[in-house]
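Next up: a single chain in structure tokens, the form predicted alone.
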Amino acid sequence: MKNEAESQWRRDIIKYRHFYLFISPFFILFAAFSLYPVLFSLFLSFMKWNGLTQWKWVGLGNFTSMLYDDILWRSLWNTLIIGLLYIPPMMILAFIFAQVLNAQWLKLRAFYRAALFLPCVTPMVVIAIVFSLIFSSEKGVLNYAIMGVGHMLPFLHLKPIPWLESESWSKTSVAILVVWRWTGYNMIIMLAGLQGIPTEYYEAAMVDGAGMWERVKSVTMPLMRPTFAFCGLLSLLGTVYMFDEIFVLTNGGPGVSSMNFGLYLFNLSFTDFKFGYASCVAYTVAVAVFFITLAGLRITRQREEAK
């Protein structure tokens, strides 16, 4: 039976060889540019290698070094703080914009949708220049507005804020930039979720006498939970591996006050050339993020099933 099965398998391969030939480019490219780098990075996690010399087996030495890496833990802490600073306001704004742009009475909806989505596709070089001018301590637009309010309301004792020069404000500056850039992206996703809600639910709620807030609370919010969870998952991954925004705005400074994990991993790999240790750190954090995401999705699913 085993020989017959193998013979049939070989005959099928020969018979459908043209189809296998047509799909082979995908598998070859996947193996060369995805599977091989992932496995090679896992191999490097147990090595000490700078990309030039011969690699050296260190076993779990890289994992042990992580426990005493103060900059790593500082970058993870900064990543958490930046996420807490920008994810809630971004999600709230995205939901509000999606609600407004989903209204039938609004004119030029396509224009507003494109305008809100435009920051997502704006080159980071342009964004860096603009936000550097906005956050400038001396001539920045934001400080100019703050001082204008201070002149009108002197009892507030407002002073210019060193957005990019202060360790206390650098993470806030990054969060403001990220909110501006990615709110439109999440708005598009939430808009798709809103348009997937049948209008019959709202009509039934209106028949029951529910007002606008009651309809949002009782109909929209429960049915949008999967969309919120999806946007939250994307935001979590984006926060951990964020690079462009921090690199062009603060480069992790001043000091390491705004350095997140993505920038730390970049510096570890392409500035310090510690490829073995960088692979170890990347795999460890990726596994941690995977289990955190899995736990979050499980909690969300249990809540849905409980209701």
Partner chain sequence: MLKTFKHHTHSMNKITVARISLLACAALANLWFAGCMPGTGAPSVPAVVTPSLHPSGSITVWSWNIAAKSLMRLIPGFNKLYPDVKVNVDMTGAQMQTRLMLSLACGVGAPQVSQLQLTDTPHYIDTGRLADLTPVAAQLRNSFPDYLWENCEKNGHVYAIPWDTGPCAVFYKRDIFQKYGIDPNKIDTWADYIQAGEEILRKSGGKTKMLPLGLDSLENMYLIILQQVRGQIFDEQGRIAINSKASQEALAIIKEMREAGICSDVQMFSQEFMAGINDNSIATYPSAVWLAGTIRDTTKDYGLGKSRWGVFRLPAVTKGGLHVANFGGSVLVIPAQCKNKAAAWAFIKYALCSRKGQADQYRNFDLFPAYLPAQKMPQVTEPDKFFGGERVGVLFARDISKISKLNITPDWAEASTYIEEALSDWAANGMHNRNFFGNLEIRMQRRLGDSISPQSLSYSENNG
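Numbering follows the first chain given and starts at 1. Predicted model only: the values in this text are computed from it and were never measured.
What follows is about the form predicted in complex with the partner chain, which we do not show.
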Which residue, A175, I188, L164, L158, has a heavy atom that falls within 4.5 Å of the partner chain in the model of the complex? L164
Could you work out which of P198, G211, P154, P123 is the residue within 4.5 angstroms of the partner chain in the model of the complex, going by heavy atoms? P198
When the partner chain is placed as it is in the model of the complex, which of 114-122, 198-206, 145-153, 97-105 ends up with heavy atoms within 4.5 Å of it? 198-206
Using 4.5 Å between non-hydrogen atoms, is D272 touching the partner chain in the model of the complex? yes
Would you please decide whether L297 lies within 4.5 angstroms of the partner chain in the model of the complex, comparing each non-hydrogen atom pair? yes
With the partner left out of view, is S279 within 4.5 angstroms of the partner chain in the model of the complex by any non-hydrogen atom? yes
Give a yes/no on whether Y241 approaches the partner chain to within 4.5 Å in the model of the complex, heavy atoms considered. yes
Would you give me the residues of 33-62 that have any heavy atom within 4.5 Å of the partner chain in the model of the complex, in order from first to last? F33, P37, V38, F40, S41, L44, W49, G51, L52, T53, Q54, W55
